[in-house]
Ligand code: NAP
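Given next, in structure tokens, is a single chain: the form predicted on its own.
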Amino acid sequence: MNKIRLGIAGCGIATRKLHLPALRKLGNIFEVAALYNRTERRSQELAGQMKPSPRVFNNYVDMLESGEIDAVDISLPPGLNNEFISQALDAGIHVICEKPISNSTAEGKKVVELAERSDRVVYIAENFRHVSKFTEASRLIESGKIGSPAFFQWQSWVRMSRDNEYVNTNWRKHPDHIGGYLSDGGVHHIAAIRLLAGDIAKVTAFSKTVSDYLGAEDTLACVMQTKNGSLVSYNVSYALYKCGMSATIIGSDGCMHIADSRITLDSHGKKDILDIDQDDSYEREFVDFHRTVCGERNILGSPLSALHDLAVIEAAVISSNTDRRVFVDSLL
């Protein structure tokens, strides 16, 4: 398959600001052929901004069965993912679907089962697995630059202001997905942490609500242990002062610090600073989806990997609510 005819389900913020800018750069391998949105006016408005203008459908199944698309990009509230993916696979349509995989690990397991039973691709769009600074940091760790990694620290302070357009989407105001922003944004962080540190075995966490408008707990502190024995400190808030994101990895022979678009390596008394190009991780994500539809193995968009990301966050929420340590595999 050369050029994929893509239908888009959901014309909200992620489609307009993240997916379409990437797809516009990839006209050689994707054609946006159709749009569907629950509110047809929004899809008509978006179609009018695109050249060539895609066909607008007011019924999702009609779009799937039209014969005009090969794949669908699902960008909807996560509670709808199971139903929309199932309908696409029934119609023989490949799927790329925004994270998180579902509202909960239990529901996410159903998506994994759908993918495993189908000969169509189900690709969960986790762009942090395509962010250059994380993929390069992973390569450096695997090459032994800091020896055997033993301790990871992740700090992310993302203030979601009251007037933020993501905050003002109804499904985020009244979240059905576990932990609200803790999972909505947290699966990004866990995807990167797992890329750098490996799979998480167990979690102990504490959470609190700082804001009065984010719909759920918005601040989390937790300690995790990976299956290979490394320790991870993960701290995040969507309500406190915006201080950015940073990660530190300490090993037997050195340490690595990641912040902004820079990796700082300190090993055996020598310090190296690597400035990493800030390429478009969404563009890389769609290129990888195209490869999987063309027959390559689905690794970076694996539903099972996305399920593990969500399970870590759910384990943290359960730990905070029950004041106990939670084993991630108990949710899987």
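It should be emphasised that the depicted structure is a prediction, and the values quoted were computed from it without experimental measurement. For every residue, the number given is its place in the sequence shown, counted from 1.
From this point on, the text means the form predicted together with the named molecule, which you will not see here.
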Taking any heavy atom pair closer than or equal to 4.5 Å as contact, tell me whether residue 166 reaches the named molecule in the predicted complex. yes
Check whether residue 282 has any heavy atom within 4.5 Å of a heavy atom of the named molecule in the predicted complex, and answer yes or no. yes
Is there a heavy atom of residue 171 no more than 4.5 Å from a heavy atom of the named molecule in the predicted complex? yes
Answer for residue 215 alone: is it within 4.5 Å of the named molecule in the predicted complex, judged on heavy atom distances? no
Which is the contacting stretch out of 229-237, 73-81, 133-141, 146-154, given heavy atoms within 4.5 Å of the named molecule in the predicted complex? 73-81
When the named molecule is placed as it is in the predicted complex, are 189, 220 and 257 each within 4.5 Å of it, taking any non-hydrogen atom of the residue? no
With the named molecule left out of view, choose which of 39, 59, 264, 53 has a non-hydrogen atom within 4.5 angstroms of it in the predicted complex. 39
Sequence-ordered residues of 126-145 touching the named molecule in the predicted complex, heavy atom within 4.5 Å: 127
